[in-house]
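Shown here is one chain on its own, the form predicted alone, set out as structure tokens.
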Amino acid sequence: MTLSLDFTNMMGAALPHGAGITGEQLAAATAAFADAHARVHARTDDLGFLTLPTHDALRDATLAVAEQVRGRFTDVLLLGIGGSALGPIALRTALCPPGWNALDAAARGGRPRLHVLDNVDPATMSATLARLDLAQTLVLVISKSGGTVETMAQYLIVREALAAAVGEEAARGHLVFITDPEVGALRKIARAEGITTLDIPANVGGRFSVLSPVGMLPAALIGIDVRALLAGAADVMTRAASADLSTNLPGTFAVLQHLADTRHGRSVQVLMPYADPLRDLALWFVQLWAESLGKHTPDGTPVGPTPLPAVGATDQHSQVQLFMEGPLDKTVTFITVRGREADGPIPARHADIAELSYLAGHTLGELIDIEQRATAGALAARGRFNATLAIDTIDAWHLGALMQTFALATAYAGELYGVNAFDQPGVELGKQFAYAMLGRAGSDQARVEWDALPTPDPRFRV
């Protein structure tokens, strides 16, 4: 069980006209990374995601709740947004059979379906509630602050529907809150009403929380091996204990992407798994990378790469044209899965048709692997930066390892860019304006600022 990163096609020695990262640049970055590594690993008290893989008490509490509700519900409805939803979705897509919610109970091994409401579009909300039997549904309400406006709006609607379906008293047994250990609206409600609650440790931010109960409880409920997820993540932490880039894969990823951006203008960073089960992992990565690194430095300079999700081979027929011939502003990191060469044998038919006959004797696993290698080679031939992250198989161990790799790489990259990877000040003003328009207490100043903004001008309307 392992991960490996081949970054040959990021280096000047491999790309035409020396277009890539030079050996001198990589050597100089080694010292900067040693400082970044020391700063990150010195913060285990306030960067709780570093110790989530070995937080046995939190794991055991999560598994205990999963055991308490086992067999009681046919459906799990998760209410959350951002990091509270993207991680559980990525785990379900990667580690459950395709179309999990469409399978019958026998095909799911008696485990529940998992529905995730990660937005407040009323059409989606009403359609979801219309097709669920709430008497057979467990509702997970996930908000670190306990007051996220979208999640709280969802909660109020679902709580009302639950009460109507099963009664106020019984509705409490259909709820699990996952939130801050001490503060916030959800914690207050849980204390007052005796609702089952799991902690998001106070030192774990939302987008770094997938290996907390945020991701681990829904994973456990649908039969994913939580212990294996955490073991894979723990292995990454062991391998990343040293600042030696030859053994620290998350550090190498962070350094390469930072150099590509700051020294070579590759400010768009594509994550492109060549495996359908990993397509939602790329969406999870986008939030992690974007919200963590798109910041102002202390002197006010805006920095941060733009992450872009893709999936192979599908996006060879859409985005790869841009990657090949568009602006020289991108890196592409492929994720490949080893050992699929025998999967999906292609039948020998139409031997008289050249466009089909050559496929005989090959497999879909071989085809997707060849297409990835061909795309990587074509990009390199045109001076386009790319790297390949390979895993042995798609299982819980490797998903845990991948997620911890990207989380740790994000923390390192924040230090290299000179920004705080663990806050999100850029979204706060919009939140405050929304609160002001909704009439939330304490938003008077935001209301004044909102009212002072220019009103729509009819001259600029078509």
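These figures come from a predicted structure and were not determined experimentally. Residue numbers run from 1 along the displayed sequence.
Below, we refer to the form predicted in complex with 5-phosphoarabinonic acid, which is not included among the displayed structures.
Note that among 140 to 148, 114 to 122, 91 to 99, 247 to 255, the stretch whose heavy atoms approach 5-phosphoarabinonic acid to within 4.5 Å in the predicted bound form is 140 to 148. At least one heavy atom of Gly206 is located within 4.5 Å of 5-phosphoarabinonic acid in the predicted bound form. Among heavy atoms of Asn386, none comes within 4.5 Å of 5-phosphoarabinonic acid in the predicted bound form.
Although the partner is absent from this view, Thr51 stays clear of 5-phosphoarabinonic acid in the predicted bound form, with no non-hydrogen atom inside 4.5 angstroms. Ser84 belongs to the set of residues with a heavy atom inside 4.5 Å of 5-phosphoarabinonic acid in the predicted bound form. The contact residue chosen from Thr297, Thr196, Thr262, Gln287 relative to 5-phosphoarabinonic acid in the predicted bound form is Gln287, the criterion being a non-hydrogen atom within 4.5 angstroms. In summary, among the residues Glu291, Asp315, Asp280, Asp235, the only one with a non-hydrogen atom within 4.5 Å of 5-phosphoarabinonic acid in the predicted bound form is Glu291.
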